[in-house]
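The chain below stands alone and is given in structure tokens; this is the form predicted on its own.
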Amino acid sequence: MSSTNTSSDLSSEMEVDAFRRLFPLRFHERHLLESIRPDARPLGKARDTSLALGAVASAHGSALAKIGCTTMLAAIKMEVMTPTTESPDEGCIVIDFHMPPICSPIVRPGRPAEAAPVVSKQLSDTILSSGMIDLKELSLVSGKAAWMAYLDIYCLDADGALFDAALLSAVAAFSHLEIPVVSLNDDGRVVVVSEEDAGKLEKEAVNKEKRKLKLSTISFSLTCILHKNYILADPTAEEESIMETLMTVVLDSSFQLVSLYKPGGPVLACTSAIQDCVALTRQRVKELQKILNEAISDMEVD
């Protein structure tokens, strides 16, 4: 009798899987009628999220962020540069987003992923326009030396909501960042001092000890799918491929709107839908702020 039940269950699972592959939209819409998703999440709930700071020992700041299966590794490397004449008291931030072939079956070796430059531009616009980082904090010697922060984000698993996970990893990496000690060399140039040489300096250091970068505000985002009268928070890659209308809301830690991004799609974003997305993002910001604070506390304990 038990073997018969096992065979029946297996047959049923195969039928469900076949229906999901052949009619993906109908499969998802059947779940939407019950206000549930195939992974058992309510429509407005984001996936489980985790953060680990200091994931890359050779970087000055780093973090590993996971939202569901979507995984991002962010690392920051600091280098001394000569500031521009237009901004002699400001440093610079350079952001690159990478999608290697290992992250998704749709990314082919030797071909750049279409989403990579889009996410990279979104990240640059968000981080620089939100006021999160005061570029004057990166100045060393006015008109002569300033920090250039190279932020590289690697997508290790692309399972939807790429921008949300990338921004979270970037914010966490900047929260972990320690600006190194620098000194003037014999030629009058500013050079980075290693930890071993910190106690042997012949000339006074420009900054006498490592310091944290002060973040004026912190921005978090939530991507939602708009499908008919439904709003699905934090979509998976499968959901994004089937229901094509996306909206990403970015709020700072004071719940002020930083940006709203909707790259086309067949569904129009009415006022009520935008308000609902912003409300979901407010709740998500509280969750992500708590996760970030816990990660920072764990790092301090270690």
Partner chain sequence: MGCRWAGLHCRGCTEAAVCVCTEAAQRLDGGCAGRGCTEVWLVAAQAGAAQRLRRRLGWRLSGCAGGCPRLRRRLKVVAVGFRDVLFHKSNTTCTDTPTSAPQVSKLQPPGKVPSSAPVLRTGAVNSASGSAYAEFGNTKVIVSVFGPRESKKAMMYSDVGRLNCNVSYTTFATPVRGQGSDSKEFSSILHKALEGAIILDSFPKTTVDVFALVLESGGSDLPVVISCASLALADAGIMMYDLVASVSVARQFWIPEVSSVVMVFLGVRGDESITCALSSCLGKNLVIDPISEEESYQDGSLMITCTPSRNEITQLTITGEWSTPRFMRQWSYALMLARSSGRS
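Computed from a prediction, not measured in an experiment: that's the story for all the values here. Positions refer to the first chain, counted from 1.
Not on display, but discussed next: the form predicted in complex with its partner chain.
Segments offered: 139-147, 171-179, 97-105, 221-229. Contacting its partner chain in the predicted complex at heavy atom distances within 4.5 Å is 97-105. Every residue of the trio Ser58, Pro109 and Ala158 has some heavy atom no more than 4.5 Å from its partner chain in the predicted complex.
When its partner chain is considered in the predicted complex, Val258 lies well away from it, no heavy atom lying within 4.5 Å. Heavy atoms of Ala75 reach within 4.5 Å of its partner chain in the predicted complex, making it an interface residue.
At least one heavy atom of Glu79 is located within 4.5 Å of its partner chain in the predicted complex. Not displayed here, its partner chain is approached by Asp152 to within 4.5 Å at the level of heavy atoms in the predicted complex.
Checked against its partner chain in the predicted complex, the residues Val267, Leu43, Ile274, Cys69 give one hit for a heavy atom within 4.5 Å, which is Cys69.
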